[in-house]
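One chain is shown next in structure tokens, namely the form predicted alone.
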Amino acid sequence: MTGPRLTPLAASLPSDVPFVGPELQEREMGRPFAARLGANENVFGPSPRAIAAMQEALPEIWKYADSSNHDLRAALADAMGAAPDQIVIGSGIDGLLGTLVRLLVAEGDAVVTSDGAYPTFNYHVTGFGGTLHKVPFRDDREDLEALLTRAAETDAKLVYLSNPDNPMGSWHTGAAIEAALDRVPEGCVLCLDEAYIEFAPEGTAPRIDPEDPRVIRFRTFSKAYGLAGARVGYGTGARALIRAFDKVRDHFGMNRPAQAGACAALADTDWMTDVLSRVAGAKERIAEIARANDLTPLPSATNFVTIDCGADGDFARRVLTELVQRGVFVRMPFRPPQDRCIRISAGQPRELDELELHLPDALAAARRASPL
């Protein structure tokens, strides 16, 4: 009896996953986290109008959704200054990244990203046989100049840039990105991941003609809109590239309640204003807790705060482990020197109470295990 015959490429890939979810950690611990501060979710939740729209759509869950995502694309076109046929909908930015890589990257093709940037993108590239070229962060943010230089050196098909950045919370101005577009090599596409753009300072989003063939921009309803579980992402780009998604995308990947909820969330600007205010307040409290423990909070244009623990990655990992053992779920950057930090998502007041309570003991335990 034989098993499945994996392709040589699939057989060669490691069997690890980018993230260990909090639910798995809870099962292993045998208890829930008291504070879920690691996944960069919007703990303040979606608009009540979005919840109502999803509940109204639920009885028709037996139907396949509109495979063209007509209503949501029309609503996003108004919001993005684009035409509906310059917009693609997918199962979160993760799903759209996978489809984009499938479209552009063949085995051996060069792709450029930052060492320590969003790992799921890397999984898509290696999963389709692409060759990753990584450049280091500079001053705790992705180095746009170095990314484009490496793209020219390698004849890259694709360059990935998150703005604002995860895991550091740093950002480039929109003007800087606009000025860099002329350096995108011929035949290369800049993939601009703007998952956190709603939290960023004014002027962070570049002004780019959606029909510019050098760029595709991805955004999501998972963060500021509080719909991470609904898996609604979208992209804007030139019509030729957007049409090409139809060749390979999952046409029924977006269910009816998710589409309805996203449309309602997009329209509820008052709820968004309230969420942004609460996120800003939570970030300030996280920063205050960090400073009270002689740690350094980094500037953030996202819904999380990255905190410099003041030592190396081994020490930061110990701090993270100690927090997790005390019921506080946080994450951290994967690569040095950014791994000297831990990353804490904006949380509800009671969750930040848990952080404030347990961080001193976690630091003390980490210092005993790893003397500075």
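Residues carry their position along the shown sequence, with the first being 1. These numbers come from a predicted model, not from an experiment.
If you look for the form predicted together with another copy of the chain, you will not find it shown, but the lines that follow are about it.
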item	value
The unique member of 122, 255, 204, 131 whose heavy atoms fall within 4.5 Å of another copy of the chain in the model of the complex	255
Another copy of the chain contact in the model of the complex: residue 42, any heavy atom under 4.5 Å	yes
is_contact(residue 54, another copy of the chain) in the model of the complex, heavy atom dist at most 4.5 Å	yes
Contact label in the model of the complex: residue 290 to another copy of the chain, heavy atom within 4.5 Å	no
Contact of residue 248 with another copy of the chain in the model of the complex (heavy atom, 4.5 Å)	yes
Options 138-146, 77-85, 228-236, 282-290; stretch whose heavy atom lies within 4.5 Å of another copy of the chain in the model of the complex	228-236
Stretch 149-181: residues contacting another copy of the chain in the model of the complex, 4.5 Å heavy atom cut-off	155, 156, 157
